[in-house]
Each structure stands twice: as C-alpha cells, then as structure tokens.
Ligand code: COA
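As a starting point, one isolated chain is supplied in structure tokens, in the form predicted on its own.
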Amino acid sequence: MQVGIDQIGFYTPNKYVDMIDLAHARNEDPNKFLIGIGQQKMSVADQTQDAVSMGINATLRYLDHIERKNVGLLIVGTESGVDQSKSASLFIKTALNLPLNVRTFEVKEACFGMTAGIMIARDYVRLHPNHSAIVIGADIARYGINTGGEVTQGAGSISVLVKADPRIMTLSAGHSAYSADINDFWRPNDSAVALVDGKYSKDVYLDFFRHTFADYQKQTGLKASDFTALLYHLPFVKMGFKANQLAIEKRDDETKKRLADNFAASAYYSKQIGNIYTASLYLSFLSLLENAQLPANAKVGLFSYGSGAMAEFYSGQICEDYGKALNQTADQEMIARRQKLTISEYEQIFNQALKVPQDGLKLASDEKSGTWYFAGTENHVRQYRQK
C-alpha cells in the first residue's frame, strides 16, 4: 500500500511589501534583498489573520473534494500558536465541520512542525488505511521593523491531505533525522517577535543538511543524480540555494542543470511570499509542482529544518497525472490578488498586529467573501468568522 500526499491547499494574506521599496526605506542597496537574500515580495498579515484562520483558508481549498467522514486525524504544525494550552487544530476542526471523533493536536518544533505532522500522519494512515489525515503548517514570521531579519518575514499556510493511494506524491520508506539543543533562533514567551543569531543559524542549517543528506544517501544507496528535484525549507531563498549548491557540487553537468532548474521552480512562490516557517518547505513543494514539468515517478528529496534544532531528509515519488489534483490558476490568483502596501502602511499594520486586541473589540476583515478571519475575543475566548 502506498501512502502520501493526495491534496494540497495554499493561503496567504491579501497584503504585501515590495523588497525594493523596503530596501530604499532602510537605505540599503535593493540587490542586497533581491539577490543577496533572494526575495522580491513579502506577504503581510494584519490583526485578522493568524495561524488558525490561515490554516482554515488553506484547507478549504480542497475540502469539498474529499470524504470528510474518512478524516481521522488533524495536525497543525506552527510556531505562531494562539494559545499556550488549546491547540490551533481544535479551532480549525470546528470551522471545517469535521467529525467529532477526529484526533487532533498541535505540534511545535520551530519550522520542523509540519514535517513532524506529516510523518505522524504517514504512520497513522499505514495503520488505518481507510482513514485520511489533514496536516497543516501555518505561520507568521516576525522579526520586527528595521531589524536584520525584517527582509525574511512573511505569512501563509499550506495544508495537505495524507491518505492511501495518493494522487500527488507517495512517501518513500526511510528518513534521516538529526537534532541538537542549540540557540540559533527562538521566541521567548514574553516576545511577539523572534530572536535569531543569523550567521550561526545559516551555518547550522547547512551543517544539518550535509549530515542528513549524506546519511540518507548512505542508508538508501541513492545519489544526488537519482533525484529529479531537491526541496528545502526556505527561510529565505538564498539559504536553500546555498544548500542546493552543496548538493550539486562535483556532480555531472546534466544533474547540476536539472537540480538547479528545479530549485528555481521550487523557489518561485517563496520569492513572492517570504518565510512561512513550518509551511515553507511545502510552499516549495507546491511551487515545484506548478512551475516545473515533472515526469511520473520523479524522485523528489525534501530537507526540513527547524531551528533549535531539528532536521530531516526524506523523499517521495511524484504520481502520474499529479497535475489533475492541483489548481495552479487559483494559486497564482491568490498571490496576484494582494494589495501592495507603502512602507508606512506596512509598519502600521505590522505594529498593530503585535498587540492583543482589547477583549470585546470586534475586528472586521477586508478579505474577499468566504474567507475566514480572527474576529477578536469575547470573554477572552477567540472568535473566528467567515466573511
């Protein structure tokens, strides 16, 4: 029995900042952001969008195409949790009107959370082949105005359905995991923005990639040349580019070109959206599916990294006719619909979103009809509504 990803849904908020505008406002050469970091635009979440609402909206992209009664598990990977106790998944499960017998919880390990959820879902479906599992990554990357990490912010969500006999990608057996207790990036309970040692985090990311990729090849006997594409967690595009350069060094020209071209296809959406933490790797996956021509049974490697730090390398095979399970036009419209913010508008929205709204204050969304949003709290209970 094959288990893997059968559906994929995507959501990003309806506002963005252009990196050229941001560079000028910060007295930087635009090429530092466009080339040195590899970003072009950055999605911005206002007060009405959070991990819960974005996760709902991403899952709604495919919910009407699945059997809800077969869903037995719902996992949300996030480092933008909305409550210290209650999982984001419970809010989402209610909004999606899933059965009461669905097992549901939240996973946290920085940007690794969605991958952890997919691995749990894979094993769950293997034991319960008549059930499916929804796994969501939803995050808002915040480092603060005029900080070193500002250009690597973003917001969005990816949701996948894991089931037997999938239509998009089967998950191959085996994986390589690597972890260590380090302090390259973290967000204390009393901080609304993340703290990061940027250079150290880059070095750790590349070191963990070397370890997991080499170990996976040793375990499986596969070589870089056996992969059609290699996908990466992209806190910013240049970070994944550096890892991909490590993967293709000393390879034959055909392998170098194929993996370089497919990396560019996988990074296309991230350049427009920015860092979405737990869902970043899977935004790369969606971008590859929709911006590259992949043969049936293409072997795809995935490198997942979460600061602190946990990394894993695993692989899958692309299914025949995978394109029939996608909606590329709608995904591109999702990105194109966004409103460009001035820098002053962005700063105002960003700073307002850091504040907890006064209890009882009702928030209104400027999103299109049908979009779910955070509407404020009533008696300190979070309220989510569909516009």
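All values reported here derive from a predicted model rather than from experimental measurement. Note that residue numbering follows the sequence shown and begins at 1.
The protein also exists as the form predicted in complex with the ligand; that form is not presented, and the subsequent description refers to it.
Peer 1: Let me know the one among Ala336, Ile35, Leu361, Val356 whose heavy atoms come within 4.5 Å of the ligand in the predicted bound form, would you?
Peer 2: Partner contact (heavy atom, 4.5 Å) among the options: Ile35.
Peer 1: Among Lys86, Lys199, Lys223, Lys257, which has any heavy atom within 4.5 Å of the ligand in the predicted bound form?
Peer 2: Contact with the ligand in the predicted bound form is made by Lys199 alone.
Peer 1: Going by a heavy atom distance of 4.5 Å, is Thr152 a contact of the ligand in the predicted bound form?
Peer 2: Contact check for Thr152: yes, within 4.5 Å of the ligand in the predicted bound form.
Peer 1: Give a yes or no for Lys238: in the predicted bound form, does one of its heavy atoms lie within 4.5 Å of a heavy atom belonging to the ligand?
Peer 2: Contact check for Lys238: yes, within 4.5 Å of the ligand in the predicted bound form.
Peer 1: Against the ligand in the predicted bound form, would Asn31 count as a contact residue? Criterion: heavy atoms within 4.5 Å.
Peer 2: Result yes; Asn31 sits at the interface with the ligand in the predicted bound form.
Peer 1: Contact between Arg187 and the ligand in the predicted bound form at 4.5 Å, heavy atoms?
Peer 2: Because no heavy atom of Arg187 falls inside 4.5 Å of the ligand in the predicted bound form, the answer is no.
Peer 1: Would the ligand be touched by all three of His175, Lys299 and Tyr314 in the predicted bound form, meaning a heavy atom each within 4.5 Å?
Peer 2: Answer is no for this spot.
Peer 1: Work out which of the listed stretches, 73 to 81, 131 to 139, 161 to 169, 301 to 309, brings a heavy atom within 4.5 angstroms of the ligand in the predicted bound form.
Peer 2: Contact criterion met by 301 to 309 only.
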